[in-house]
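For reference, the chain that follows is the form predicted on its own, supplied as structure tokens.
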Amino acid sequence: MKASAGQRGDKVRSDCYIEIELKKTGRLELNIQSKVASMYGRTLKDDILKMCRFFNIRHALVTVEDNGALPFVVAARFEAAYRRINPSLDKEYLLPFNKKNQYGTGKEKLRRSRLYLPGNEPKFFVNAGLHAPDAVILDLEDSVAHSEKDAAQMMVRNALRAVDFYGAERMVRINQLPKGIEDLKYIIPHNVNVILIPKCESPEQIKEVETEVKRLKEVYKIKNEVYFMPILESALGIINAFSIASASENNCALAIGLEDYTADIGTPRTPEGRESFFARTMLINAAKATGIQAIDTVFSDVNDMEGLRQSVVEAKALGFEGKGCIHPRQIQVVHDAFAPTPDEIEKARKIVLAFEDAEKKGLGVVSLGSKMIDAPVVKRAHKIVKLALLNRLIEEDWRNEG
């Protein structure tokens, strides 16, 4: 019996190819070739031997072609290859959990940018957090070939445990249900923060995910909060936007996917976006009505920075609070375009100061000049100030300015 996993070839980097051929008799043979053998050859060999012992592999030929893969990648490829031989395997080879990855998140955390990372391409993982996105999305869905879905599950699981994303919110986009339910066992025990539920069309789909997440949290004694971000990508999903948004207390946002949506309604996607205006505003109102965030679709031209900026400005004007990114160079443009303007900052600053002054005086009514200020306006002002601080547009001691 023989199976393999991983990538091979001259253009491959930060990955490896592992082939396991089980034999009935004979000794364990290792055939290891590595581009970094002079520095890490011995460590790589030791890691392979550890995994052979863990899975009780004694009679086999193990072939490794390494192109600078980190230990979490090697472990994922080895386990994927062995599981392809033994699909009923009930053991997982888990490397130690990186202590830097033990942070949680909050329902109202800023999600201006979410950087998509193909779940079976580890070369993109390690430096992703250095670009300072608000979140990273380890993708198990559209960016992964059907034949590699199983390998991606182990790669994403290992990345959640090992890769330092420098504080970025850790998201995983699971596969379309029902396949996505199987993905959950590979991510829930490993401190995922947000689950993206693609092609969502009904509240029952949210309930199905919620039930399985609850079960897994009980089994693995998981205490951290896990939030949901349904992605609406069809006419039916848009029509059911409010019922989807209100389906679970664990929903933190609604996102829209316009490539699938425009295909579903039978029209090409245009730069002007007239064909998606109804869908976008429907989603925004559903999100706002349920007190969660509205997240815009990705901008697919990674070379058009001005087009991206204009797209974000429009999205912000409609009520969106974040946008997907498919390349690191898009992140700063998205952050800058979502940043508040000087006029917005000044107005927000005055509102917050007036509110704090009224609180100190024990006043039940907050006013700014001749206008009364209600709670939602104050809440928005606090958010604008927070955004201004994040973008370094004001100083931490902004209350003492001017």
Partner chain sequence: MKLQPNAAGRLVPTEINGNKQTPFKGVNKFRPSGSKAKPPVRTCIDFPRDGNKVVKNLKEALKKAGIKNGMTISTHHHLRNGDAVTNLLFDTIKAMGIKNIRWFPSASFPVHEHLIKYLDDGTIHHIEGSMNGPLGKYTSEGKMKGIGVLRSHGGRYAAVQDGEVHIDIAVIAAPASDPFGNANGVSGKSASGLIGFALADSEYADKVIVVTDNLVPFPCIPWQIQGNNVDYVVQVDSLGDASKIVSGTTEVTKSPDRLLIAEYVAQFIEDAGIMRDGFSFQAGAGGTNLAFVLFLKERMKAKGVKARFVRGGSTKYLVQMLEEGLTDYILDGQTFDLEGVRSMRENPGHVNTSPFTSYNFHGKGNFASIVDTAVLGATEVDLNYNANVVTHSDGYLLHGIGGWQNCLYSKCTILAIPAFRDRIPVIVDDVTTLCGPGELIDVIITERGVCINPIRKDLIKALKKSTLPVRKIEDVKKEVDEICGGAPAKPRVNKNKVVAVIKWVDGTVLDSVFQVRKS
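Positions refer to the first chain, counted from 1. Note that this is a predicted model, so its numbers are computed, not measured.
Separately, the form predicted together with the partner chain exists; it is not shown, and the next lines address it.
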Would you mind picking out the stretch of 187-195, 126-134, 105-113, 241-249 that comes within 4.5 angstroms of the partner chain in the predicted complex, counting non-hydrogen atoms?
126-134
So which of Lys91, Arg215, Lys100, Lys207 gets a non-hydrogen atom within 4.5 Å of the partner chain in the predicted complex?
Lys100
Hey, in the predicted complex, does Met372 get a heavy atom within 4.5 angstroms of the partner chain?
no
Can Lys386 be called a contact residue for the partner chain in the predicted complex at 4.5 Å between heavy atoms?
no
Although the partner isn't part of this model, could you tell me whether Arg13 comes within 4.5 Å of the partner chain in the predicted complex, counting any heavy atom of the residue?
yes
Arg329: heavy atom within 4.5 Å of the partner chain in the predicted complex?
yes
